[in-house]
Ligand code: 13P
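Given next, in structure tokens, is a single chain: the form predicted alone.
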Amino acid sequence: MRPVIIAGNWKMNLSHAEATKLSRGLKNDKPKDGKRAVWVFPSHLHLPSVSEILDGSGISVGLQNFYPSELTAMTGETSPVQAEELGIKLALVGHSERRQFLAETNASCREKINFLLNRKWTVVYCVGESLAERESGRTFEVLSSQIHEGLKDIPSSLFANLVLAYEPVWAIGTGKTATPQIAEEAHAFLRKEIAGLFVGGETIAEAMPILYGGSVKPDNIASLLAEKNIDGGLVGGASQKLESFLGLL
């Protein structure tokens, strides 16, 4: 059984007061049944406060971005070593906004993924196609290149801490959501691609959680999770308000 994961990506949103208030609300009011793992990815400036509040709550805190190195002279960046001091060992890699606006490539994602998996972190590797790529029939070509180039030469023994997130770029922040059937088709394809990376890779692929990201809300999360290969959500806007985050849970 793969875990069901609801991951809130707060992006460059929320004031410090809003982030800490939301964190306290999640800690106090999230369901106690433990059926769904809860992860949050705050702004870097809010990481110390959010980590302190959520310590012991069962909610994991992660990085939205980092530089793949131990402590070094790299102005403006954050080392995973520094995050570990806060008890953080979870990170996003390759989010579409970083690919689109900040020049992240499959190759740079691979470097980050490899660095973290070797430090026994959990990595959420984001993949997905743009509207133009989908409309030109290139969805599976794009997903395949993101998997094969982003995970090239990473040993199968490290894949236990890897999570995928399928985020069709045309559905992020637009209010458009891939139907459960469209999302399921992409998730099934991704699982097949992972299985093909290694001899005996079917076992690795079957155990790997694959999250859906793209205008996930309380009113569509159940239909998405009903699909065989969808194991949770990477959620933007709906994770930034307590009522809707709790609604996802």
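Just so we're clear, the structure is a prediction, and the values are computed from it rather than from any experiment. Heads up: residue numbers just count along the shown sequence, starting at 1.
The following text describes the form predicted in complex with 1,3-dihydroxyacetonephosphate, which does not appear among the structures shown.
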| property | result |
| --- | --- |
| Proximity to 1,3-dihydroxyacetonephosphate in the predicted bound form, single hit among 162, 142, 88, 172 (heavy atom within 4.5 Å) | 172 |
| Candidate stretches 44 to 52, 208 to 216, 59 to 67, 185 to 193 - the one whose heavy atoms come within 4.5 Å of 1,3-dihydroxyacetonephosphate in the predicted bound form | 208 to 216 |
| Any non-hydrogen atom of residue 9 within 4.5 angstroms of 1,3-dihydroxyacetonephosphate in the predicted bound form | yes |
| Residue 22 within 4.5 Å of 1,3-dihydroxyacetonephosphate in the predicted bound form, heavy atoms | no |
| Proximity of residue 230 to 1,3-dihydroxyacetonephosphate in the predicted bound form, heavy atoms at 4.5 Å | no |
| Heavy atom contacts to 1,3-dihydroxyacetonephosphate in the predicted bound form at 4.5 Å, residues of 131 to 149 in sequence order | none |
